[in-house]
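So this first bit is one chain, no partners, the form predicted on its own, shown in structure tokens.
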């Protein structure tokens, strides 16, 4: 590919390398370091003049440092006369606090979806998938689970939290029948995993034979790993938008779907001026 450069921030070099390998490119040379006052310093180690530059940086780990590093890298490439700079952000930081989707962008944004990769994983790894039920752990994710259930031609259910008084624990109410079925909990992210672990207990007590959880972003902070280890999941499946190697050492239930090919194909299509919407319903081969 002529005139394209891919640089990796320091948040997820493994994913950046997979993306570059997939595109048959070398990662660009970049050095990131900190001054003694903790300010981030980025040196781009090669010419980007006239190039189409892609910077891969995920919103994980030291989120604020990584976000600042991304901004400084973008600025460095712009100053060095790159023709275009695109940020590739596998896990978008601060998204929980943004209720207006895309509300603050005045530049083109393509939101990529893990759904095609999730469907593929279910069909390849859950033998009883035709008798499964897709479950949302809260009412907010209903649209997400109905879409997956429709594509698999199976039923869906949702767990509704009944708000009690301020000092009482919320009661979880299951809407839908999971008796004698494999239940697959689907959500966009799992952080401390309190909700999905409660939801798993609820599903087993309601008669589900097995429970899987499939989550786009596995943040897994605080007590998350011990909660998963103590919960009744067959597997907790996440994508590699966030590095999971360390977490997997402490939890055998975590499995990872590699989404590097989706990001690589989005980069290729953007670079060539092709439509990215193909990726909303297909996993690149």
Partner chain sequence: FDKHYRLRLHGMFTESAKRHSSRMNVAKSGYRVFSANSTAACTELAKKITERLGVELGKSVVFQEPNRETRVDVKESVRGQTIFIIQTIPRDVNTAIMELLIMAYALKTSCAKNIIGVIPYFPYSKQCKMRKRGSIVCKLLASMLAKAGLTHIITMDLHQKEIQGFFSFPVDNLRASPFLIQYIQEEIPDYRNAIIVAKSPAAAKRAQSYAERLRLGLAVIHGEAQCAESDMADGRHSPPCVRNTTGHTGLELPLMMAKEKPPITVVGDVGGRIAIIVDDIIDDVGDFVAAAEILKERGAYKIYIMATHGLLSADAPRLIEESAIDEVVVTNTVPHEVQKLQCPKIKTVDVSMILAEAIRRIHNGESMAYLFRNITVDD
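Positions refer to the first chain, counted from 1. This one's a predicted model, so the numbers in the text were calculated from it and none came from an experiment.
Just so you know, the form predicted together with the partner chain exists too; it's not on screen, but the next bit is about it.
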| query | finding |
| --- | --- |
| Non-hydrogen atom within 4.5 angstroms of the partner chain in the predicted complex for each of 37, 44 and 94 | yes |
| Answer option from 75, 131, 125, 146, heavy atom within 4.5 Å of the partner chain in the predicted complex | 75 |
| Interface stretch in the predicted complex with the partner chain - options 256-264, 213-221, 50-58, 233-241, non-hydrogen atom within 4.5 Å | 213-221 |
| is_contact(residue 191, the partner chain) in the predicted complex, heavy atom dist at most 4.5 Å | yes |
| 4.5 angstroms heavy atom contact with the partner chain in the predicted complex for residue 226 | no |
| Contact flag, residue 64 vs the partner chain in the predicted complex, heavy atom cut 4.5 Å | yes |
| Close approach of residue 71 to the partner chain in the predicted complex, 4.5 Å, heavy atom | yes |
